[in-house]
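Coming up are structure 1 and structure 2: the same protein chain in two forms, each one given alone as structure tokens.
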Structure 1
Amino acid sequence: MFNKKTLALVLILTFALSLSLSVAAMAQDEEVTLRFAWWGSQSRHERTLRVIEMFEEEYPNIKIQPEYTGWSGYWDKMNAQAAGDNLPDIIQHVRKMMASYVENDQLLALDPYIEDGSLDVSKIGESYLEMGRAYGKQMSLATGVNAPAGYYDKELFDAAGVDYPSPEDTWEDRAEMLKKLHEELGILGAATPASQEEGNGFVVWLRQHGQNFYSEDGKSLGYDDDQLFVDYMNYDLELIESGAVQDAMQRQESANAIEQDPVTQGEAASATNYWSNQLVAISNGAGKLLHPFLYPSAEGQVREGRFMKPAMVMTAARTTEHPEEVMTFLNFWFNNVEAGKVIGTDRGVPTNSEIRTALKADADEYDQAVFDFIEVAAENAGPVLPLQPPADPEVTTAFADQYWEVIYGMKTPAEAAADFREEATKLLSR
């Protein structure tokens, strides 16, 4: 137990320590400390800390104070700090959360720093820069990108004598492909013809027909003609009938784990509803490399509808006291090749072309395939998706509900299209 003497001693020591700390702080007045927050796994933490070390070696007058956690709790912490005007100087962010931060004026626009040259983005392609923009301003930079991907089993395609999927395929070509695979091999062409429940396939479809899923202001649906919904669902229904894809009950019961997709068991020749960063997972499930492919294009399409998505983005807080040093760090992060090698593809395939080349040179077979695919995807990507409105998760659920009603045959596509419009309009106008 404490007695008076030890208590006094502890007090004195505490005072002495804090005094010496503040003296030390005064002595190093010119040193700038930046706070950098990110979420991630252990491997990301280690990689990031190593990059910070490299940075501090090169810029000894800037100290980076890392603040890292897992995904859960990260946003609670950020939101609390945003409320207290105490955000870290550099914040790892995601596009789907950015809208409210930008609207509440929490983030620093990067345009002036790009213009005056303190932030170099010359090696980052225009489409990647677009991914960091919000409401026309460069509010962030994408750390890396993912693209929606299907995967196919080359051996099975060879056995069936079917051409490999190509970016030029139309939706009709793909339907033929799936049917032929089914006829020749007696297995599924794919579990589903496109990712549907989540709406990604539908988003591509709409864009190819000159429409959008959400309107520009995010207050309503971005397409007026329900026939688009109907055609899209009919496409699926016809394939279900042919037996080339799973029927409703099979889809309902199939596991959601990517490693157990029918394509990994040889029960389907391809899979359609995944992302480029899942190549390793699905290939591991299959025990061999499965090759990625893009969504089809639409016959006589109005514009390119396929898209890529930033895995995550880097932002700066508007309240930062050291914008110059923040730019120094971001410059290092996005342009230093050695740093890029340490970061790897952990935050998506890097957007800086020089870093991408360097990484590709060292990559294994699986990563090579991802790099190649991202290049193809970039060549075939339309405009970046606009920021999602806050009601997005609920609208997606509403879409999924109607999707199931249709493929279970409880509603016609036309009924479902109308019901979805009603529900989504209600959610979005709230």
Structure 2
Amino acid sequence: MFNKKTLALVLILTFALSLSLSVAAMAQDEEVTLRFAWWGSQSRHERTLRVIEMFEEEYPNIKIQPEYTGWSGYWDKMNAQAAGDNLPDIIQHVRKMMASYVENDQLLALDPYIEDGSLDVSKIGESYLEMGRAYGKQMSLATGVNAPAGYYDKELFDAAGVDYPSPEDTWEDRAEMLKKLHEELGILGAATPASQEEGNGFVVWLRQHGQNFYSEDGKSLGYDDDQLFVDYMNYDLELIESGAVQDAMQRQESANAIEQDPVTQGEAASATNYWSNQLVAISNGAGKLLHPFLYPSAEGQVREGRFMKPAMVMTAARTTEHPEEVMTFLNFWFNNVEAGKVIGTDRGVPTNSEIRTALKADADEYDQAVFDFIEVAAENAGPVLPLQPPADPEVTTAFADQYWEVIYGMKTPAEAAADFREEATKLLSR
């Protein structure tokens, strides 16, 4: 039988329980705001904002504050925010820019969240997860995969009686292809024989010869024999001399816009220095579907040098005050099929197998061509490129400087090889 003291105690406990439940409910309903930064075109902005709307409808207590720009100036802004410990909670990143952020402990390692199940990567293959690792930790997730791609105009190849590019073609085969296109059609085979200024072609060339652009520790160049640099530059010079590709002045004067590449104007039969996710843009420029093709193989190659890479990656700031909500958003971004359909292939072919299947089922002619090409690229890809060192942008600029001096005839390939090594060594050893 209750006495007054017992009744009072029960009332106190009941009130305390009710209060704790109310506090818990309030905590669940507490609104959290996450900052999300990305770069891109207007189309990407519109797709991303729609996905944010979808997410906020499903998770009304989590608001996403968008911070988006074009590519120009994006990294200046991110670097300034990193220096001020004010990075957005979620950051669209590129693998080649990650090293300094990881080394400065500015990104959140995702491994604990994957291990406890709050970040679901069950439908993302191991090779795709590897693209987001740095120094043995899962520092990001690849938004989608991408591969270096050339594009060719089937109608012009047919008119010239030239076989379409094949993954089995060697560099010598491709040189003959470009020359024959030029001879038969009186136009360029391509603007350039490979991605020259950015160095992607040279990366493939080195890998095929058993070398790398950077050493394993990123403190030096990864090849010792400068003859590899010389041979690569001579390959370009010989094609310039044949008239099959643009000379230095023509390259300097060419518009940088993909929609204005010579292949889109009928002034070249192919283009060689793009990526698989640019198929729609270059095809729209041409007014018809242009077909993608891989870099050539090397005769007697030591290993497969061609590669795939993440189109971009998603990272989280180590300083985020809301890691659980960040994982909720990343789960939605990477695993929600309807969100995946909105994003499409804009950030590469999705790494989630379920979303990839859904997109393929509804793919138009252009997207189907991208999916088919990525399958071919995966069958002919070597290991994932190691993480580029923090000095990579400066080293790439130094490579481009030497490339221009060679094709303008200001230096021999041998002189440029030595100068590039000297400059790159200084940059990497700092």
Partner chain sequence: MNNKFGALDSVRSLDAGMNKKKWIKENLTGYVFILPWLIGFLAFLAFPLLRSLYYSLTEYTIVGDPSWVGLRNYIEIFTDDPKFWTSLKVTFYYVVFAVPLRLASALALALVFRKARPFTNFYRAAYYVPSILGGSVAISVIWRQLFSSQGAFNDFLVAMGIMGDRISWIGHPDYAIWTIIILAAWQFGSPMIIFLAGLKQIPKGLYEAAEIDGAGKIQQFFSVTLPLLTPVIFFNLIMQMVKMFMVFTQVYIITEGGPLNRTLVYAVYLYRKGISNGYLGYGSALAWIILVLLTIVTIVLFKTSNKWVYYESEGE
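For residue numbers, the reference is structure 1: its sequence is counted from 1. Take the two forms, find the largest set of C-alpha atoms that superpose within 1.5 Å, and that set is the rigid core. In this text, all values refer to a predicted model and were calculated from it rather than measured experimentally.
Query raised in the report: Quick one, which of these two is the form predicted together with the partner chain?
Result: Number 1 is right.
**Report entry** Where one rigid part turns on another between structure 1 and structure 2: hinge among Leu206, Ser276, Gly144, Gln402
**Finding:** Checking each of Leu206, Ser276, Gly144, Gln402, the hinge one is Gly144.
Query raised in the report: Relative to the larger rigid part, how many degrees does the smaller part rotate between structure 1 and structure 2?
Result: The answer is a rotation of 21 degrees for the smaller part.
Query raised in the report: With the two forms matched on the core, what distance in Å separates the two CA positions of Pro88 between structure 1 and structure 2?
Result: C-alpha displacement of Pro88 between structure 1 and structure 2: 8.4 Å.
Query raised in the report: Can you give the CA shift of Glu103 between structure 1 and structure 2, in Å, with the two forms fit on their core?
Result: A shift of 3.7 Å at the C-alpha.
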